[in-house]
Each structure stands twice: as C-alpha cells, then as structure tokens.
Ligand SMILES: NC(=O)c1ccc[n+]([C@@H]2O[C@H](COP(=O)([O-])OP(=O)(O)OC[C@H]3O[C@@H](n4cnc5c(N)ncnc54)[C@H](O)[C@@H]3O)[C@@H](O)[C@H]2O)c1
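Just the one chain here, laid out as structure tokens, in the form predicted on its own.
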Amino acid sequence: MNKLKVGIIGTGSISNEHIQAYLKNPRVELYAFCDINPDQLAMMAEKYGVTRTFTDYNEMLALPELDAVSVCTWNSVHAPATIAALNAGKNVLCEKPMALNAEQARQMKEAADKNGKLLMIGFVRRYGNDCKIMEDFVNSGYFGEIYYSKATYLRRNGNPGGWFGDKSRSGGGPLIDLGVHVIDLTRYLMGKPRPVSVYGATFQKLLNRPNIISDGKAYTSSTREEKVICDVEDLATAMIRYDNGSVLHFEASFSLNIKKDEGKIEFFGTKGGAKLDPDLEMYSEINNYMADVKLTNETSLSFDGLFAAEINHYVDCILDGVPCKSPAEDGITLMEILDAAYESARTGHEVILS
C-alpha cells in the first residue's frame, strides 16, 4: 500500500498533537518537517526521526511526492502557507483559526477550489466524544429547538506568551485563540445556522501578568523571545444572533480575576437543555417532573484521541473521499463572526452581517 506522505509546516507545540496522530495511522508516512526556527526544527526532527527538514515551506512543498500537509504555524502564516501548499497540489489541514480575517479565509478556499484539493480546518472539538454524544441527542430531537446557548472559556492567568500576545502574528487574544473553539462547537451542534449580527466587547486591563504566581498550569508558546509583546485583549465577550433566531453568548479570557479556570458550554432547547462542564448533563421533564439526566457511560470531554480522530478523518477524506466534517466554508463563517466581534468592540455598535 502506498502511504500518504505528510509534511508539517510549523513544528511548535500544537504540531506534537498532529505528529503523534499521524504516527499512529498505518496509512501515513510522516515525511518532512518545516520551521523557520532551525533549533526547534532540529529538535523535533530528532525527536520524531524525520530526516527531510526545511526552513522554507516553499522548498518543502516542491517535493513532488508530498501528498498533504498540516499547517501548524502562528496564525499570520496560516493563509500564505496554506495557499502555497494548495497551489503546489497538496491537501491541507490548517489549524484554527483559519486565518487572520475572513478575506484571507476566502482566498484560501479559492485556492483549494482552483486546485481541486482538500482544505480542512482544525476544529478539533468537533471530533470529541462529548460532541458525538451531543449530536446523537440533537439529531434524535431530544432537546427540541435549541434557541439559546452560552459558552465560556476563561483562564485566570493563562496568556501563553510568545507569539500569542503579539497581535501582528496572532490576530488577537482569547477571542481568536480560545473563542473560536467554543463558538464553532456550539454553532456546529446547533446545526450550523448562518450568523446575521454580532455585538462584542474586548478589554485590555490585566494583560499577561507574568509576575503572578499561578497554580502550575502551563499555557505556554514554544517560542521564547527577548522582547515580550502583549498588545492583544485579555477578555472578550460577544452575543451572536443567527438566521434561525437562535442566539449564542460567549466569553473568553487569558487573564481574569476569577476563582479558577472555566470551560463550560450550555444549550437551551424547547424540550431540554444540556451542559458540558466538562461532564455532559441534561435537563428535561419526565412525567411532568423536572429531571436531571447524567449518562452512565463516560461522557466527559477526553483529549485522549481527540486529535487522532481529527487526523484519521483527514486521511480518510483524502484517500477514501469521505465528506469533510470541518470544511473551509465553516472556517470562513467563523472568521466572519470573529471579524464582526472585533469590529463591534472597536466601534461600540452591533455589526450586521450580510
């Protein structure tokens, strides 16, 4: 069997998840690495036994035998690296967020369409066990019409540092880094309605708080730089209205004076509701009594196997023609939401989407 030859563009922290998943897939050959940092590149190449290494992704993409890549760079390189890969005839799995803005995202999809190649977006939460279980209940009509959802992704002191705090490379703070996860997951489970308006606010009050003694949790970039840059928001919140009348309210932070970090998603429907915190609980009515439901099997979000499920799906899409679960058009919609949230925060007014 000819194995799918895969290259990694950007060998920082998140690439480890992709690499380990590829190594576990018997239909994949981990073929080449690229990173602009030669020390990071050498360390990762030695760690994973990859001999073809490049500091320029164009040189790696010139390999005719290379079939596909994962783009795991900082956000500002997502669009140029992805477009270059697609134009070179490679399939692409691009990490979230898709790009710095919706216009870049549209250009990426245009390149995929022009070259007849797959462009999949790394919405990894769609591949979680909690998402699958929720889908089962949503599709069976258990919740009825889901008309409202709430999502929080809050860190007390969790700015990753490095490029994450540099707006020129990240595109923003917790809104574009963390918010994209919960916005996408809630929208996906609500049937992917079209956003029609966004009202948002961002705050830059606490910054990265590097001297605060934390509880040992590590939210850190793999890059270490002499000049610390932190010009992104530390808290973001928004209300998103969809074309079916449903609404999402979300908030995300790198730094916030709260008791502990929080990651919670709630859905409210006409027949029942649900909360992922991280265990899945459901609330409904049974025989005219209010009832809480907790499944007996494991329903808590597990990151074990999360990326493997995503990578395996990517491979199946390329080799078997399986329909893509997280296509480029969904990435564009998310970038339109993020663009609108930042614009609303800048102007203080609601942004209407066409």
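Don't overthink the numbering: it's just position in the shown sequence, from 1. None of these values were measured; they are calculated from a predicted model.
Missing here is the form predicted together with this ligand; even so, the following discussion is about that form.
**Message:** I need the one stretch from 31-39, 324-332, 61-69, 281-289 whose residues put non-hydrogen atoms within 4.5 angstroms of this ligand in the predicted complex.
**Reply:** Stretch with heavy atoms near the partner: 31-39.
**Item:** Whether Gly10, Trp74 and Tyr219 all lie within 4.5 angstroms of this ligand in the predicted complex by heavy atom
**Value:** Every residue of the candidate spot has a heavy atom within 4.5 Å of this ligand in the predicted complex.
**Prompt:** Of Asp184, Asp177, Asp234, Asp130, which residue is found within 4.5 angstroms of this ligand in the predicted complex when only non-hydrogen atoms are counted?
**Reply:** Residue within 4.5 Å of the partner: Asp177.
**Request:** Using the partner position in the predicted complex, report whether Val124 sits within 4.5 Å of this ligand, counting heavy atoms only.
**Result:** Close contact exists here: in the predicted complex, Val124 approaches this ligand to within 4.5 Å, heavy atoms only.
**Distance check, Phe143 to this ligand in the predicted complex, heavy atom within 4.5 Å** = Contact with this ligand, no.
**Message:** in the predicted complex, does Leu23 come within 4.5 Å of this ligand, counting heavy atoms only?
**Reply:** Contact check for Leu23: no, nothing within 4.5 Å of this ligand in the predicted complex.
**Request:** Report whether the minimum heavy atom distance between Lys96 and this ligand in the predicted complex is within 4.5 Å.
**Result:** Yes.
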